[in-house]
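Take a look at this single chain, the form predicted alone, given in structure tokens.
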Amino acid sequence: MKEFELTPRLQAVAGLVPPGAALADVGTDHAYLPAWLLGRGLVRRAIAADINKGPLDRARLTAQQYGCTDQMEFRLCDGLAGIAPDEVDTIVIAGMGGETIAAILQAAAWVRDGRYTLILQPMSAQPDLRSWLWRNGFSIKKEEIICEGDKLYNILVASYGEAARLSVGEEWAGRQSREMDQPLRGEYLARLLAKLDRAMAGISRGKSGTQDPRLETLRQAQTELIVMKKEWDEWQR
């Protein structure tokens, strides 16, 4: 088996996949994640799915190159539309916007079952994804923050059931506790606060100005994140 390494983002995703999983990698592109996991015997089988033929062709080449074609299936489909509920127990959706991830899950009613582990890595719209999850009965079991280049990425592990209501600030940043082992969280909160500042300034300059209804929600998120940042910094002392 030819060896290769994953990017830090995909390495962190791989580390959250349960051992022996039957994996679906949605939006697989080159299928590096399932090929890496199969090559190390960390999953028992994998489905590489993509909505476009080009990425799926690249996925087949990766599987051939790294000797795991027999353990990987390939599905040309939109989201989870081409995957049956009894084929997988772990679903990875990484590298897409949070709203797109939510739409994929919304369209697959069968994921509303506690036996499935969802590993989600949104590139944007994290508040929208967290909001969709808890409002649709999913609980976020774990979050990890990793750095790749100069960017911070969130990875969420979720499953159906035991959903807990999130505040506006928690939709933006996720829940936090003193026991969390997340050395990048302080920087993550600082970047979110800067992002909120930019968003509010942009809206205030718009046609509706300070009357824009979005501002109130953003102000609430900002207030909560300031408290969360202060709390986190105190815990680190």
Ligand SMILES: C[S@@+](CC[C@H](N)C(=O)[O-])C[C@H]1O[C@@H](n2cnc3c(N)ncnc32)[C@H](O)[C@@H]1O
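Worth saying up front: this structure is predicted, and the values here are computed from it rather than measured. From 1 onward, residues are counted along the sequence shown.
Beyond what is shown, the protein has a form predicted in complex with this ligand; the following relates to that form.
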Proximity to this ligand in the predicted complex, single hit among 77, 125, 163, 157 (heavy atom within 4.5 Å):
77
Which residue, 204, 52, 177, 65, is the contact with this ligand in the predicted complex, using a 4.5 Å heavy atom cutoff?
52
Stretch in contact in the predicted complex with this ligand, which is absent here, among 192 to 200, 179 to 187, 164 to 172, 43 to 51 (heavy atoms within 4.5 Å)
43 to 51
Mark residue 29 yes when one of its heavy atoms lies within 4.5 Å of a heavy atom of this ligand in the predicted complex, and no otherwise.
yes
Closest heavy atom of residue 131 to this ligand in the predicted complex, within 4.5 Å or not?
no
Does residue 96 reach this ligand in the predicted complex if we count a contact as any heavy atom within 4.5 Å?
yes
Is residue 10 one of the residues lying within 4.5 Å of this ligand in the predicted complex, judged by heavy atom distances?
yes
